[in-house]
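Taken one at a time, structure 1 and structure 2 that follow are two forms of one protein chain, written as structure tokens.
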Structure 1
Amino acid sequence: MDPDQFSKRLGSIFASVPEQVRRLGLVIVVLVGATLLLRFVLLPPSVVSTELHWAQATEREMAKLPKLAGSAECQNCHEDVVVMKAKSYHKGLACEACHGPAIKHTEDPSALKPPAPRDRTFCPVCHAYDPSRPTGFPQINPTAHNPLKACISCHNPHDPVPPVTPRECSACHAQIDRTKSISSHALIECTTCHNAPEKHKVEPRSALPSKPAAREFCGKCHGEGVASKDAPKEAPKIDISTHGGRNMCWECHYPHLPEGRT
């Protein structure tokens, strides 16, 4: 086909395409052309190249001074604090978690005095009641727990023993206590079902309380005919030999909220 014929063919094909489609085609060609022009001709490589971006970001971050000195640095001048904290409940916390980045202070103590968080709003960042925290993590309700006084007036931040052994299980098991308080077991003491050694309240993990281990335990209050004399009258009765098969009661009833069946 000679070029003349070819362009005539092309012209007639083009003419047969509806006007709107031709316009749309033109718009697309212009847009694609503009994008390619921008990407490969107009924009400088420093804007386009991801490799250059990475290199520049790395350079920028490397140029920054590390601001954290690390707790080991503090030992040289504050040995008393370091030694006290190392044996305390706060042994896992870095000095600078509470005192902020202090590298300037370690180089020249008078140049920067690290701030000390003496305010009541600080400690609840970790200790305010929050159901997502692990069971046993010491939690308090900041509005109810000895309000009006600074936390550090009773707890040394470097060795935060409670000034007296907590009397209530709820000091550490707030979530379970709250759940139970709205359940039909609200009036049953924790210690009815758990034998908690006094040491558990001082060193919780080294002396764990007991947990009920057999169906008969719940049967003491709920078993038809087997319930003991001092079982509360209101406790609904079930036939302990058949009810729930051979599964443990707490596989179906959460003991701290027994009406919620799983």
Structure 2
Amino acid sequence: MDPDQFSKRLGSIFASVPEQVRRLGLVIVVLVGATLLLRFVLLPPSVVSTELHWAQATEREMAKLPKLAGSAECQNCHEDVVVMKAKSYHKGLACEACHGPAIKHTEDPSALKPPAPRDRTFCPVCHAYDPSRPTGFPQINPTAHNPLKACISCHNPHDPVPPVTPRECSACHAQIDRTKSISSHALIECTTCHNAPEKHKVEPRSALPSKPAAREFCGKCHGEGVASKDAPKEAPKIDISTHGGRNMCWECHYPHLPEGRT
């Protein structure tokens, strides 16, 4: 096809396109052209260069005076406290997380004394009940837990073990306890399904309680024809050999609220 025929063919195709589409296409072309012109011609490198931005940001931050001294500096004068904290549940918590920036204190200890939280408002920032926190993380209701008493009157912040070993599972597993309290398992003791060693009360993450590992465990109460004296008569019954196939019971039924299904 020679150039004249190609031009005529292209012109006929363009003429067959609705006017609204042609206008829209023209607007798009203008916008793309303006963007490219702005990006590669009109804007200076200082605006569009990522490497330059990184270099300037690094230079700007490096020029700022440091505020944090780091926990290693604290050990120079407070070795006994640092050693105690290193063995406690707060071992991963930086000193300045509670005491604030301390660079000036390390330069001249007499010039500035870091604050030490003494009231009840500071510790609940981490330890007030929040369902998003991991199971077993120490959480309390600040209103009901030892009302009006300062946290440090019972807990040493550098080794915050409770003064009395918790007697009830709800002390650490409040969310689970609240869920179970409104379920059909409300009257079942936690130790019915979990074997918790005594050490679990003081070292909960190293001495873990047991969990049922077989379908037959739930079948002791819910299996048809079970003659166990501990099986309540009102408990729903199923054929444990066929119900749910090979799935474990807790893949469909949450044990602490078995009425709900996933």
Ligand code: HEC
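By rigid core we mean the largest C-alpha set that fits within 1.5 Å across both forms. Only a predicted model underlies this, so the values are computations on that prediction, with no experimental measurement involved. Throughout, residue numbering runs from 1 along the sequence of structure 1.
Form predicted on its own - structure 1 or 2: The form predicted on its own is the one given as structure 2; the other form is structure 1.
With both forms fitted on the core, give yes or no for whether the Cα of residue 48 moves by 2 angstroms or more between structure 1 and structure 2. Superposed on the core, residue 48 moves its C-alpha 2 Å or more between structure 1 and structure 2.
Compare the position of the CA of residue 220 between structure 1 and structure 2 after a rigid core fit and state whether the shift reaches 2 Å. Yes; residue 220 is a residue whose C-alpha shifts (by 2 Å or more) between structure 1 and structure 2 when the cores are overlaid.
Does residue 59 count as moved between structure 1 and structure 2, where moved means a C-alpha shift of 2 angstroms or more after fitting the rigid core? Yes, because once the rigid core is superposed, the C-alpha of residue 59 moves 2 Å or more between structure 1 and structure 2.
Core-aligned CA shift between structure 1 and structure 2 for residue 245 (Å): Shift of residue 245 at C-alpha, rigid core superposed: 3.5 Å.
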